[in-house]
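The data below hold one chain only, encoded as structure tokens and taken in the form predicted on its own.
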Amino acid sequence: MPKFRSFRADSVVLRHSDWGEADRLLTLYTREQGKVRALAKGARKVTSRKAGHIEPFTHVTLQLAKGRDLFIVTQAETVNAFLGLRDDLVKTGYAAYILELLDRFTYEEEGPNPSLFRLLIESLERVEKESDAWLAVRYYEMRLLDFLGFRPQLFECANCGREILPEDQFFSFTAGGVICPRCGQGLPNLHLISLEALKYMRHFQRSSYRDASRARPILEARAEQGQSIQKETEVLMQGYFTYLLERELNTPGFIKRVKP
């Protein structure tokens, strides 16, 4: 926590809740301090100038003062409201998923992580801009795991350490990576992973976003095959997150309901 009484924070609003009669309690991810909570006094009043700046997944610059127990928002200026995310329910769902993952995996007083903050901003921009958010979300998941210390092992067997050969494999949430067919014969709680799905996950793990954007399963020669790879990768990643968090995420269910 900062020792000075007031500071400017480049922030993204992860969520908010009502507080008292007219205030809002904000959960923020900031470039300067990581995850913090702050109170926006009077933000629920019709006349409040702060209200429009502190909605979820808004990129905002805040002036935060040190209060007795919480930071107090004294000024707010929107950097990017991501209006394109709010006009499309599917994109709203993906943006909420990005925020939920970050919120669940981070804690207050962990300190700043500028790389994670930059990933958050860039991912929201990509989801807003691109017609199909699948790639942006999967890339975010893989980079998030890297920054949090949960990088899945995709090139060697997580059980025996042998190099993974070009064939269908298993994936173990417990071991945190791919299990070769030889080891997979005797291990419980494994999930099948096809060669194509593994190929895309590896590509996302070792590539820049520009290079990763060349890998689009939906553009496979057979659309049905591409959609199958998308679904397989999505299910594996969400299963891994559920294992790590020891609870299911809320936003994937919403995305399924609104996605055509």
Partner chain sequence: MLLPESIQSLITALERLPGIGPKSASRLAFYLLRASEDVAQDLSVALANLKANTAFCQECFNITEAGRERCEVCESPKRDGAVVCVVEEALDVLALERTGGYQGKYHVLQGVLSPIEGIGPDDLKIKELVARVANGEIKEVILATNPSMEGDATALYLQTQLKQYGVHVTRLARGLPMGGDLEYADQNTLLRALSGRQEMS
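Positions refer to the first chain, counted from 1. Please read all numbers here as calculations on a predicted model, not as lab measurements.
The protein also exists as the form predicted in complex with its partner chain; that form is not presented, and the subsequent description refers to it.
- Of the candidate stretches 149 to 157, 178 to 186, 78 to 86, 126 to 134, only 78 to 86 has residues with heavy atoms within 4.5 Å of its partner chain in the predicted complex.
- At a distance threshold of 4.5 angstroms between non-hydrogen atoms, Glu141 is out of contact with its partner chain in the predicted complex.
- Taking the partner from elsewhere, Ser208 is found to have every heavy atom lying beyond 4.5 Å of its partner chain in the predicted complex.
- Contact between Gly52 and its partner chain in the predicted complex is found at the 4.5 Å heavy atom cutoff.
- Its partner chain is not drawn, but in the predicted complex it has a heavy atom within 4.5 Å of Leu14.
- Taking a 4.5 Å heavy atom cutoff to its partner chain in the predicted complex, the contacting residues in 230 to 260 are Asn250, Thr251, Phe254, Arg257, Val258.
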